[in-house]
Ligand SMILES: CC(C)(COP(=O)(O)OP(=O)(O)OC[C@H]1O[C@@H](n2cnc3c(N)ncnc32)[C@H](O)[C@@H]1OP(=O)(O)O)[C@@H](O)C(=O)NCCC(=O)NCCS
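We begin with a single chain expressed as structure tokens, specifically the form predicted on its own.
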Amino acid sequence: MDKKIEIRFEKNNEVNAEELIDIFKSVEWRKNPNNIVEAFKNSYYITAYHGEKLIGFARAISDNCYYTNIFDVIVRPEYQKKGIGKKKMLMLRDTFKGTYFFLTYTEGRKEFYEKCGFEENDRAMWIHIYKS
């Protein structure tokens, strides 16, 4: 791969389940193909392309006043460490400027989010997949 590659970023463009699931598989995350497009429809998201190939995305849900939650910041392994993930994070921060940002991260990714300006917060809680 060239050292300097041209990456195109798009916002809320049309995506399909196969492309999205392929990205999740590339980083060994499991997502239900039946739900993934619906999750994206209910989110604000940024996609990254090398040519016509989807190489990553990041999505967020926000009330546009107080709170923004960031989910699924993913870049295909062969494109990582090229600033693509950080660029998507900065785009999300600019889009939802003036809100509090929250996220959870997977093992080994804390340093990446710290480089994007995030800090630990000991006052956050969650329920893992609530089922009544």
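Here the structure is a predicted model, which means the values were calculated and not measured. Counting begins at 1, following the sequence as shown.
A second form of this protein, the form predicted together with this ligand, is not displayed here; the remarks below concern that form.
Of the listed positions (Arg59, His50, Lys82, Arg93), a single one reaches within 4.5 angstroms of this ligand by any non-hydrogen atom in the predicted bound form, namely Lys82. Of the listed positions (Val37, Leu54, Ile74, Ile46), a single one reaches within 4.5 angstroms of this ligand by any non-hydrogen atom in the predicted bound form, namely Ile74. Residue contact with this ligand in the predicted bound form: Lys11 places no heavy atom within 4.5 Å of it.
With a 4.5 Å cutoff on heavy atoms, Tyr113 counts as touching this ligand in the predicted bound form. Of the heavy atoms in Trp29, some are within 4.5 Å of this ligand in the predicted bound form. Shown alone here, Tyr105 lies within 4.5 Å of this ligand in the predicted bound form, counting heavy atoms only. Stretch-level contact analysis of 37-45, 61-69, 74-82, 94-102 against this ligand in the predicted bound form, using heavy atoms and a 4.5 Å limit, identifies 74-82. For the partner-free chain shown, just Lys86 of 86-100 comes within 4.5 angstroms of this ligand in the predicted bound form, judged by any non-hydrogen atom.
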